[in-house]
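This document opens with one chain alone, in structure tokens, the form predicted on its own.
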Amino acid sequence: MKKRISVLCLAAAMILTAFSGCSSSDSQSSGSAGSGSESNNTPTETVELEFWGWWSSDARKPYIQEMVDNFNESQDQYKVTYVDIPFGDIFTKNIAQIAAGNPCDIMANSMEEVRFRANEDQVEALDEYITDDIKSYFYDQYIDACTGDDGVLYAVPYSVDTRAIYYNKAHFEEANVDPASIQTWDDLIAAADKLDQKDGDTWTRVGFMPVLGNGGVDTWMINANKGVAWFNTETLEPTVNSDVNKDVLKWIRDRIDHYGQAEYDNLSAAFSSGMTDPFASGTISMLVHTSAYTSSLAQTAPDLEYGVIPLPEYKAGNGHTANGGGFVLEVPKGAKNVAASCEFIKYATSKDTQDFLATKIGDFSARNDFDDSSEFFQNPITQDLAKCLEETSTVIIPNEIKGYTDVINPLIEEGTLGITDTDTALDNAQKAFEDFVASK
């Protein structure tokens, strides 16, 4: 279910505070090893813990490492080692280690599938250590996402995000485009056409392509449907080839055709390589990306003047719905010391640490206990991103249909790339989804 949060509260989740050792003033920064069955096993020597994540870039890893180092320096019972594993490998490696009985101690993971992992017995229950007073520091919808069907907490919210359109201010001024005029998809394309530049047959500037950056087909499907696009949330019946979805995929394909498949392939490869950023270099005027993109731009294009606008409405009055998600910290099943792992989780999600990470990395916090008096909130980009979060939909995948995206995505991609026509691609994906459900 889509849940909204007030702009004030969401924006305040990104407070700029001095970070000195992260000695939090709330109960999460307690130095105790928790209460319950393991409380009598207080370690007499340092407990070594591994924290797995995928943050390896210069924009993120130094601050993750600093947070870990500060935790280690704040007490002498535990020593955490941060291990960064490529995003494409970490999740399968985590499952393999759980199966082998040798998991890491703290795992960063997706918020959307906490319930599935709980149902599959892949994570430890945390209620004994993450008590109600700690849970109260987080927005209800994020604690709900971290709670299994059995009502037990299996993870703690670490960060949340949304998507918006980043635009190049110089390009807009040159083309006489007012960002406030972009309210609908038609407005978006009209602006992109003004921003386009071509030298003969060569595109020298691309106004906008919908599925570049961190915006995919699902971004636009969720925007048009005001939430879940692929299935009925009550009956779980597949709705892949609805009239709205067919209109959306055709719109995406038409926009790729406008520039040509070769131009799309080149730009997509540039983003995928990680070596170049066509928006940062001025090749693209508008780009869909997450709220954390600000930290990347600070590294790659510190002098770039850019702004942020919400995803436009599919049709006037439809709403500016964006797709968002989040990450959690959890304890893999079979970890050697759940109480010790939870001490680090409480530290990493404490107010001081979340202040530090928001300031340095740009992620929004899932905590609800900040105010709006920070210098960081005075940044107009932060304020605009907070407004986007107000209309963000986080899709929690029901356990009954877990894995459906692996079935439909390759077929939808055929339509996106022009391998099959868009209507046929969605019809094929619909049938595959129906067969997938029937086989359950």
Partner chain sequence: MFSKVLGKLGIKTNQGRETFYGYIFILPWLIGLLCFTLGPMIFSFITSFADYNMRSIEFTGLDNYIYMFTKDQLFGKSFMNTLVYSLMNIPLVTIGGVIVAVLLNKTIFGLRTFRTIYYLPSIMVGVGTYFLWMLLLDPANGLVNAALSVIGIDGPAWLTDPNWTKPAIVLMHLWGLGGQMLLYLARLQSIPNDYYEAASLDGANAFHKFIKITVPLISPIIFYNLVIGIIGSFQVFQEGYIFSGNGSGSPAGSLLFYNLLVWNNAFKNFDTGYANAMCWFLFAVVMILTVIVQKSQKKWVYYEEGDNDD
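No experiment lies behind these values; they were computed from the predicted model shown. Between two forms, the rigid core is defined as the largest C-alpha subset superposing within 1.5 Å. Positions refer to the first chain, counted from 1.
One more form of this protein, predicted in complex with the partner chain, exists but is not displayed; see below.
- Between 145 to 153, 305 to 313, 258 to 266, 234 to 242, the stretch whose residues reach within 4.5 angstroms of the partner chain in the predicted complex through a non-hydrogen atom is 258 to 266.
- In the predicted complex, the partner chain stays beyond 4.5 Å of every heavy atom belonging to T359.
- Taking the partner from the other structure, the partner chain in the predicted complex has no heavy atom within 4.5 Å of any heavy atom of W251.
- Although the partner is absent here, D406 is a contact residue: one of its heavy atoms lies within 4.5 angstroms of the partner chain in the predicted complex.
- Although the partner is absent from this view, E390 stays clear of the partner chain in the predicted complex, with no non-hydrogen atom inside 4.5 angstroms.
- Shown here without its partner, the chain carries R117, S273 and K402, all of which come within 4.5 Å of the partner chain in the predicted complex through at least one heavy atom.
- Put simply, of A125, A190, A99, A170 only one has a heavy atom within 4.5 Å of the partner chain in the predicted complex, and it is A99.
- Think of it this way: in the predicted complex, the partner chain has a heavy atom of just one of R205, H320, K333, K246 within 4.5 Å, and the residue is K333.
- Residues are counted as partner-facing when one of their heavy atoms sits within 4.5 Å of the partner chain in the predicted complex; in 401 to 440 these are K402, D406, V407, P410, E413, E414, L417, I419, A432, D435, F436, S439, in sequence order.
- After superposition on the rigid core, displacement of the C-alpha of T92 between this form and the one not shown amounts to 2 Å or more.
- Once both forms are fitted on their rigid core, the CA atom of D187 lies less than 2 Å apart between this form and the one not shown.
- Positional change of T204 between this form and the one not shown stays under 2 Å at the C-alpha, relative to the superposed core.
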